[in-house]
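Before any questions on binding or motion, here is one chain by itself as structure tokens, the form predicted on its own.
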């Protein structure tokens, strides 16, 4: 009964006219920016983050969640229509989705992606509602040592699941941790890494870092790769799948939902692997594996379901532990902190309306995507035909206005430009920025829990290995790091990410 009453509370909050409006605006804005080629969910949220800060906390987070789902939907649309996935998780959708579009089945591919995503989102939303409260109860027993070890494991997972070189991913985490240390020491009041610049005293602006490293850097990279895009729009008249196509997609959607729901919980980006894992499973189970890569319906239904289920369940570690499972959740944590909310298990007990409102809005946002975006597919197709050199100045102006509006500080604009260049250089060096952002967000929390644990243990570092939960988490972190460096595991990891880049 508690679950039903909590869900009723959540739907009461999420279905207020104001929150429904913000969810709708978030979904539409997310799709509008996410449908632009090469711009994924992380870059979209980074760009639109500043516009949510003037809202109430629950409205702000509902709108951000809507932007997330909308951006993912936009990413799959570009993957299917122009073979240009907005993010890694949409890369698998492009393999068969684009081939379906070339065969005149673009409508079926888009509808399959939308229906699979909605079903997976519905199941994953209820999983969040069921599993988040008991996990929160466990998390309330965590002390400073356990939180430190948990964050270490999250950072190690982000390294293990990052694209490319493990050493480069480790370097990105370290750089993120160092950037997170800039500012004034909380305990002593001494300035750290400020280089005498007064604007650094409060630390680096989270919004400026996120918009620069993800938003501006992504625009620069896309300008470099700008080319004529062939948009597959023929025969988008039939959007609803036939009865036979429905039968074909049921099993892949169910399997994808299960795979995504489990992998999405993993800290460090498990949701990204969900779509690849689903595609591999579908190909192995198929009676006609030769159809994959040539327009197989299961090659769209499974990965899209896994992707959306993973996106939803990645909220579980965020809402219960305050640990981001991926870069998007890191942005959500930053938004919560700016709104004055301390991420972690206390959110459920201290702000139940906020917690359950976000959970309920997940389902509402997914419903809005299905109802609104399939009829609006013609609008998104027209947007894809607009040259990028016309779009990018508008996007950059939006980013600049949004970042300036947060603190009304011109320094933040210079910071965005600087981090944009840094993000572009990192992409040229094949360094993935996701571990950097996770390090930047978790760095201050990691340091705070480290120092608190040391103070409570009177300077005894063995407290991290004598407490059972903390010791287990550290052992798991070490095991993951060792496994990643083993030749066989490393080779398999490289194969997976080579497939995703292809």
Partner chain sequence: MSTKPNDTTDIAAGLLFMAFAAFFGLQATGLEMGTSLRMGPGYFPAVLSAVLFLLGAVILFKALGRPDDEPFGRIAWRGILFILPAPIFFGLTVRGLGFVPALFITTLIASQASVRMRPLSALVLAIVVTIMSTLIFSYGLGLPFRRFGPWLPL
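Positions refer to the first chain, counted from 1. All figures in this text were calculated on a predicted structure; none of them were measured in a lab.
Absent from the display: the form predicted in complex with its partner chain. The rest refers to it.
Trainee: Within 4.5 Å, heavy atoms only, which of 153, 177, 160, 249 is in contact with its partner chain in the predicted bound form?
Mentor: Exactly one residue meets the criterion: 177.
Trainee: By the heavy atom within 4.5 Å rule, which residue out of 350, 224, 290, 244 makes contact with its partner chain in the predicted bound form?
Mentor: It is 224.
Trainee: For the chain shown here without its partner, which stretch in 386 to 394, 277 to 285, 363 to 371, 94 to 102 has non-hydrogen atoms within 4.5 angstroms of its partner chain in the predicted bound form?
Mentor: After filtering at 4.5 Å, what remains is 386 to 394.
Trainee: Would you please decide whether residue 126 lies within 4.5 angstroms of its partner chain in the predicted bound form, comparing each non-hydrogen atom pair?
Mentor: It does not: once its partner chain is placed as it appears in the predicted bound form, residue 126 has no heavy atom within 4.5 Å of it.
Trainee: Do residue 382 and its partner chain come within 4.5 Å of each other in the predicted bound form, heavy atoms counted?
Mentor: Outside the cut-off, so no.
Trainee: Would residue 459 count as touching its partner chain in the predicted bound form under a 4.5 Å heavy atom rule?
Mentor: Taking the distances in the predicted bound form, the answer for residue 459 is yes, it comes within 4.5 Å of its partner chain.
Trainee: Is residue 56 close enough to its partner chain in the predicted bound form to count, meaning some heavy atom within 4.5 Å?
Mentor: It does not: once its partner chain is placed as it appears in the predicted bound form, residue 56 has no heavy atom within 4.5 Å of it.
Trainee: So in the predicted bound form, are 135, 463 and 483 all sitting within 4.5 Å of its partner chain, heavy atoms only?
Mentor: Judged in the predicted bound form, none of 135, 463 and 483 sits within 4.5 Å of its partner chain.
Trainee: If you apply a 4.5 angstroms heavy atom cut-off, which residues in 165 to 185 are near its partner chain in the predicted bound form?
Mentor: Contacts from 165 to 185: 167, 168, 170, 171, 172, 174, 175, 177, 178, 179, 181, 182, 185.
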